[in-house]
Structure formats: C-alpha cells, structure tokens
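Presented as structure tokens, the chain that follows is alone, the form predicted on its own.
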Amino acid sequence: MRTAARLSDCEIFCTVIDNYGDAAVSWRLARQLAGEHHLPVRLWLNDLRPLAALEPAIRIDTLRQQFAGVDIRFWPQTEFPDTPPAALVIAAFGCQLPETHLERMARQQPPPRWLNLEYLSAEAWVDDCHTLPSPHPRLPLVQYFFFPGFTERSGGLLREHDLLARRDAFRADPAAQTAFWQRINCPPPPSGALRLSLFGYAHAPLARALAHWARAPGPVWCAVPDSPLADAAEAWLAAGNTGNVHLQRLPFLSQHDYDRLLWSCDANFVRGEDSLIRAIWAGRPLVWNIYPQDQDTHAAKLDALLDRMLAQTEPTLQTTVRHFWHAWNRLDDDELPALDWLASLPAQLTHLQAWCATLANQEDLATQIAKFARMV
C-alpha cells in the first residue's frame, strides 16, 4: 500500500442490465463521492432512461449533463470518447470497461486506482474476497474487488452521512409528511391503519398475501408503487376482493420520494439491492424479493441475509420471518404465513431498529472506497 494520496477525480462506469438497481446504486455512490468527499465525478451510463426515472431532472436525450455535482455522460457502445482516465475508476458490478480506455489507463502515470464494485451479499465468503487484487492479463493494471457488506471486514453499505437524521426529522414533522403525500398525489393513510409499502417482482405471491390480510383484525393500508405488483394488486381488487385491505397505487417514485415512502410505512416489501439497503436504513420490518437466479443460487443469498438480520432473535420470530420470506420468494410450496407475519411486526420492529443502529456504526461504502483508493 502506498502512503495516503490525494484523489483528483473519479469516474464510475455502469452497464444497465435490467430494472433500475444498477443505475440506482451507481447514482447514489456518484452523488455521495461528489457531495461528501468533494471529488469531481463522471458517471458513465449506457442507458439514461432508468436514471431519469429515479431522478426526473435527468434528460435522456443528451450526451453530457451536470446534476447534483455529477458529470453524467452517455456511454456509447461503439466508439468510446477520447477522455483522460480519472484517478479513481470504478467498474460497477463487473462491467467491462472500453478497451481504448483501459489502454489509456495503462499509459497514465501513476495508473488509476481501479475498483470493481461488486453486488451486495451477506454471505461469509465476501469478507475474504473484499479488496483482493486482480492483475490485468495483458496491461500493467491491477483491479481490486470491492464488496459491500454487513461486517467490519467488508466495504459497508451505501449511506449518506445525514441519512438517519433526515429520516428521524421527517418522522417528527407532520407538515413534511403532508407535503410528501401531496407531492405524489396520494391521500395520506388513514389513522390507525397498518401501513405497508409493496414493491416487488411479478412472481411474488401478492394475491395470496392480500387474501390473508383481508381477514386481519384491523385495516391494512398497502401503498403499491408502479411495478408488476401494482397490476397484480389491481387484478385482485377487480375480482371483488377487499375485506380489511385498502390498496393505493402510486406512480414510480424518485429516489427522494421512495425514501420517504419507506420512512412512512410500518413495514416495507422491497426488491433488488438499492431498495433493500434503503429499507434497512428505514429501521422498519422488511421483506426482500430477491432477483431470481439460475439453479436457485439466490436462495443462499437470501438465507445469508436472514441469518445476519435475525441473529440473536428468539426462535419463534426467526421461524415466522424466514418462513414468510421463503414463501414470498417462492422458495418452497408451504402456506404463506401472512397473518403470523403481521402479528410478529412489533417484535420485528424492536430488533430491526437495533440492527439498523448497529450497521450505522460501520463506515459507509463511499467513505471506505475513498479511503482505500487513497492508500492502494
């Protein structure tokens, strides 16, 4: 490791595969490195449409634009622009950098610090692989694997320095809450109702859950942002079902407003990586709809997170939560214990608040990236 050096600038490359998660994580990281670590940041995206959905001020018809301190650039998949490499180059989620850019990186002295930002996982092997070097097979460059995670030996989680303070201030401010509901054209949830946000993939067994919640002892108010689950919810309503369930369809929310929805609800159903992390920081019970992978490799990732999240909870609560998460992700054919899960929410809340506070004691991902890049 070298002595600490000043970082002059940073660039993040992101190839959008599907959905919004890759762009969402890259955008949050770019904003934080620019805003909190005072780095000039270029964000290269091969598709600007997901970013425009997450941040409506972004234009999809321009090659270069500035927003929130970030230089946002369209990444053409043909001829890459002749751009000097930054001092810190981050390849988000293992995307392949342009060959011409790699060659410029190899000629630059000193060569850039080159990180491969991996996907989030709670699996134990992550700690052993975090920051491992990987020399380029042909060029005099070394890439380092950087793993977000849940332990001190990992790269931590994305978290702005004031996020939890902003969360708590919002929850203590009725006027801010009213302004939020007005901004998204949604009536506020009725007083006394259990508030759930529902965001997920099409395979989630929403109709089965709603059928159970319709028989809940009190009203269950479900906010459903635009996703395949919103169509499933409307189909359930169209079939004449209601009971104690009230469904409120919402538009696709910006990152700013999605945070506030999570903060406003008693429990949150999320999908992918970005919304999972934000639900953890909400400090409320959550259910993760993990992206399905071949040979059910996602099942191990789901169980690894459950193991960490439910550590030190009593066995009955562990069984209820684990059973519900497995059924929600169709990892087994057992009955969905939706009412048992509802009844467990007070115990989940106590534990999730403590877990959130424990995770917040770790250095966040952007800070760890900046520190590592100055030393490597």
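For every residue, the number given is its place in the sequence shown, counted from 1. Predicted model, so just to flag it, every value in this text is computed and none were measured.
Beyond what is shown, the protein has a form predicted in complex with a small molecule; the following relates to that form.
The candidate spot formed by 85, 94 and 118 is out of contact with the small molecule in the model of the complex: none of the three has a heavy atom within 4.5 Å. In the model of the complex, residue 266 stays away from the small molecule, with no heavy atom inside 4.5 Å. Although the partner is absent from this view, residue 252 contacts the small molecule in the model of the complex, with a non-hydrogen atom inside 4.5 angstroms. Contact annotation for residue 28: at least one heavy atom lies within 4.5 Å of the small molecule in the model of the complex. Proximity of residue 54 to the small molecule in the model of the complex: non-hydrogen atoms within 4.5 Å are present. Exactly one listed residue, out of 74, 201, 80, 144, brings a non-hydrogen atom to within 4.5 Å of the small molecule in the model of the complex: 201. When the small molecule is considered in the model of the complex, only one residue from 14, 10, 365, 24 comes within 4.5 Å through any heavy atom, namely 24. Picking from 132 to 140, 253 to 261, 151 to 159, 178 to 186 the stretch near the small molecule in the model of the complex, with a 4.5 Å limit on heavy atoms, gives 253 to 261.
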